[in-house]
Structure formats: structure tokens, C-alpha cells
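First, one chain by itself: the form predicted on its own, in C-alpha cells.
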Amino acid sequence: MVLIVNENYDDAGHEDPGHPERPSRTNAARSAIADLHLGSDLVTAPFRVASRAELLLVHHGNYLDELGAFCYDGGGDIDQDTYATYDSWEIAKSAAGAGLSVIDAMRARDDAVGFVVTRPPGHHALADRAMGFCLLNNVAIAAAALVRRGERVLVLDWDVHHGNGTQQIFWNNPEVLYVSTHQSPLFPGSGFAGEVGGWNAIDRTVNIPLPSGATGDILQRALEELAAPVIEDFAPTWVLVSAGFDAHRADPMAELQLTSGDFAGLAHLATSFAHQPGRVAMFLEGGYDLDALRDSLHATLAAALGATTSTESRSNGGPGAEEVTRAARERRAAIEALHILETSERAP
């Protein structure tokens, strides 16, 4: 397998001094890729900027206009967590274009894993609002472009925070299955197990909230028991991963206890969900301890490529087993309730 990454773009202009979402994050990610020593098995997709038409597959036109104008007026704080600078609009469009370019390069072959080194991250960005460090929803834009080509897309989100933006965008779309593991309670306060999708997409959302201190064995079990059967029935033709690494035990933003070895296990699981080889692309989301980000991404990509590398041991023994059982029960109850309502509304 080869690794396809996006051509580097200058993200230094999107920075707020002291903010945890900073340019050194992409530097750490690039270092993780260099640590793989792939030589000719590392392929760079060409640089491109997402077009307005591609952004409109996901975002409202008024929001795009307002965000661009806000940036060109000098930027500032959008909310207590999210900022933009003069350069952020062009950088965000380049981040969205990077995902599309990697997907295009992958579609031309069947022996590749894709990794999109992007910032700002995307999975909190709503159709009409920036939030949670995110301006444009990069993974959603790529997923929507694939759906437009007739693909069925699994978005697997293992960031420690729930991807509320991605869930909202595809809430009623039966061609996208959104699966999220995340710490709860935690920002943004969504992602409950009973959130299972809209009327046209019942069971197309799988949320797995986990408690503080949960370890990799709990997360792996939850994906295998709750998500894998749904994924198998859905039969995705593409798997896009919102690959956040802030669930690592060293990350300052949350309290899950994953190791780089756990992320390698998640990568193996993600590739097993793919309909065929060469259809797994990962998008950088969170990860704010630079050493943990570098080590975890290195382990993730090595596992996805089928390479051997030394990693931390997988974590185990943390809390969360009861929460997984409860999540399964809440999911079943929510799906049954929706089906009952659907039947009653259709009755004469």
C-alpha cells in the first residue's frame, strides 16, 4: 500500500498566539509521516482550493459569505473557542480542497491509504456556523462529494469530542453513516446514544459516549459490538476517518486514556470496514500534545499501511463497560420509538 497525502499548504497565517489549535500541529503530523520512511510509497496529491460549489454541498451560502467577509475584515474571535484571521478563509478553503484532492488521487488507484494533513480542523463546523476551532467541515465536504458520485460513505470519528457538525450535516442522509466514539460529558455536549438519525436516515448515526478514564479496550469493544453490525449492513464503499488524537492519555483537552497502540488498533478496524482496498482516507482533527500526536499518527498510519512499528502497549482496565451496555439499550429504544412513530404517521 502507498500513502497519499495532500501537498503542504501554508497554514501559518491561521494562528492565535497561545491557542492550542496552532501551526505546530501540522508540523508534528508531517514529522509522523516522515518517520515512516516510505520513500517512493509516499505520494503527494496536487494542491487545490475547494470551489464554492463544493463547499455548498455542505455549507449554507450566507455562512460562506459571512465567514469570508469576517476574515477579510481582519478576523477576530468568532466565539470563546474559535478564531479567524485575515488569512483563515483562504487557508480553510485550502484545507477543504486538500481532502478532495487526496480522494481524487485515491480514486485513480486501489492500493492507497489517504491522510489529509489539515488545519483548522472541521468536524464541529455546522452547515451555517463555525465552532470548536472549526471553520469548514473538511471530512463532510469530502463525504458529500463522494455521495454525489454515487458512493456510500462511512464517517468514523474517533476524536475525543463528538463531531456535532458532521452529525448535523448528514442527520437525514441515508447515504452517509456517521459513527462517533467520544468522551461524555464534554464539549460540545451532544452525541448521546439515543441520537440515531432523522426520518430518512434512521440508524445512520451511531454515537458511543464514554466516561472519563475509559481505555482502548472499552472503545474497541464498543465499536465491535455497537457499530460493526450497523456498518456491515450499511456496506460502505468509502471510509473517511475524523482522526483526532486528543483521546490520548497525554492530551490536555480531555481524560480518555488511549495510547498510540490503541490508535493502531483503531486503524486496523477502520480498514476492515472498507468495501475494498484503497478506500480509507483519514482527516486530521484534534490532538494537542505534540509528542502524543506525532506518535499516535505514526502508529495509525503504519497500521493502516500494514507496516510493523513499535508502539505503546494498548490500554485496558478503565471504566466504561456499563456505559457501552447502556448505549446499546438507548439506541435500540430510540430506533424502536422512531419506527413506531413512523408507522403511526403513515396509518390511515
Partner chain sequence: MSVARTIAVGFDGSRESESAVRWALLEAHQPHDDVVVVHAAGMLEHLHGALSRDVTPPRVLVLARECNFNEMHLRWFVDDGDACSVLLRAGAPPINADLLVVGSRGKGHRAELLLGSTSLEVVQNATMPVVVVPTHSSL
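Numbering follows the first chain given and starts at 1. Computed from a prediction, not measured in an experiment: that's the story for all the values here.
Below, we refer to the form predicted together with its partner chain, which is not included among the displayed structures.
This chain is drawn without its partner chain; in the predicted bound form, the residue among 76, 150, 229, 277 with a heavy atom within 4.5 Å of it is 76.
Of the residues given (221, 268, 129, 107), 129 alone sits with a heavy atom within 4.5 Å of its partner chain in the predicted bound form. Though the partner is left out of this view, residue 171 does not reach within 4.5 Å of its partner chain in the predicted bound form, counting heavy atoms only. At the 4.5 Å threshold, heavy atoms of residue 329 stay clear of its partner chain in the predicted bound form, well away from it. Taking the partner from the other structure, its partner chain in the predicted bound form has a heavy atom within 4.5 Å of a heavy atom of residue 133. Its partner chain is not shown here, and in the predicted bound form it never comes within 4.5 Å of any heavy atom of residue 339. Comparing 311 to 319, 290 to 298, 26 to 34, 62 to 70 against its partner chain in the predicted bound form, the single stretch with non-hydrogen atoms within 4.5 angstroms of it is 62 to 70. Annotated contacts: 124, 188 and 252 all touch its partner chain in the predicted bound form [non-hydrogen atom within 4.5 angstroms]. Of all the residues from 98 to 117, none has a non-hydrogen atom no more than 4.5 Å from its partner chain in the predicted bound form.
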